[in-house]
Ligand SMILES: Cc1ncc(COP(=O)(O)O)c(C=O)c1O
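Only one chain is included here, represented as structure tokens and corresponding to the form predicted on its own.
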């Protein structure tokens, strides 16, 4: 039976997965857990996913589990089966209920590391590393900022559009723990008067943001209710966006047109509307790219978030 922690721990729930507890074991996230020799800590050698649960229902759960498995394959890290992750998340949500109340929105982060070098945690490759789920209430600050217009800067990611194909060892499309560059880019943006970043290749292709996917809209004068949504192509090495994919599925059902890059900065400047989309922040409208002002229409942002509320299967050009 899971232990219920004191009031000062109520803000988060953590669930460990290992060979002895394949369905998860609740632990106190405020107490030390990782060995200092864990490769996730000393080398950022691990993968993760971040999801949103609303009223106890995890959004795009299968898509996130599939992307976690994809990242694990790319990095050659063994991870527990999908049912272990599902069970661990459910234990976490139940723990909130047992404590006296499940928050209306919960951020769920699944993390898997390669574990300690030379000392696998189990002979079973699926449990040889270190694995946990961390569940935290979505802050009121994040909720309040949803839908607020943002300003973004364009930063060179340091490789060309063919790097993912030429150098697969760069793991460009895996969601790894190595986020130092992403965080440095966000700090650079904020210190220069921007809210976020859109990465570009050295040869001028649009990639993604540090923690979100780029999505733009072009209106159709002949059929105003059937605009075109565009997102960068995956072949440049970007992470397949679960939020973008869910929006595309719903948009296609609504009769909208869909498109995939390649996109350039000029495409951003000439778009009718532009967003950065992610699982927890949802659709954030972009009002400025560098020194270029863009139109913002709350109606279109609301429509994208309505698409997300349908929680449909994720659609990408390749799977």
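Numbering follows the first chain given and starts at 1. Because the structure is a prediction, the values reported are computed rather than measured.
Although it is not shown, the form predicted together with this ligand is what the next lines describe.
Stretch-level contact check against this ligand in the model of the complex with heavy atoms at 4.5 Å: of 85-93, 71-79, 139-147, 201-209, the positive one is 201-209. At the 4.5 Å threshold, heavy atoms of residue 121 stay clear of this ligand in the model of the complex, well away from it. Mapping the unseen interface onto this chain, residue 279 counts among the residues with a heavy atom inside 4.5 Å of this ligand in the model of the complex.
Among heavy atoms of residue 59, none comes within 4.5 Å of this ligand in the model of the complex. This ligand is not shown here, but in the model of the complex it comes within 4.5 Å of a heavy atom of residue 64. Shown without its partner, this chain lists 164, 128, 239, 186 as candidates; in the model of the complex, only 239 has a non-hydrogen atom within 4.5 angstroms of this ligand. In the model of the complex, this ligand lies within 4.5 angstroms of at least one heavy atom of each of the following residues of 155-182: 175, 179, 182, in sequence order.
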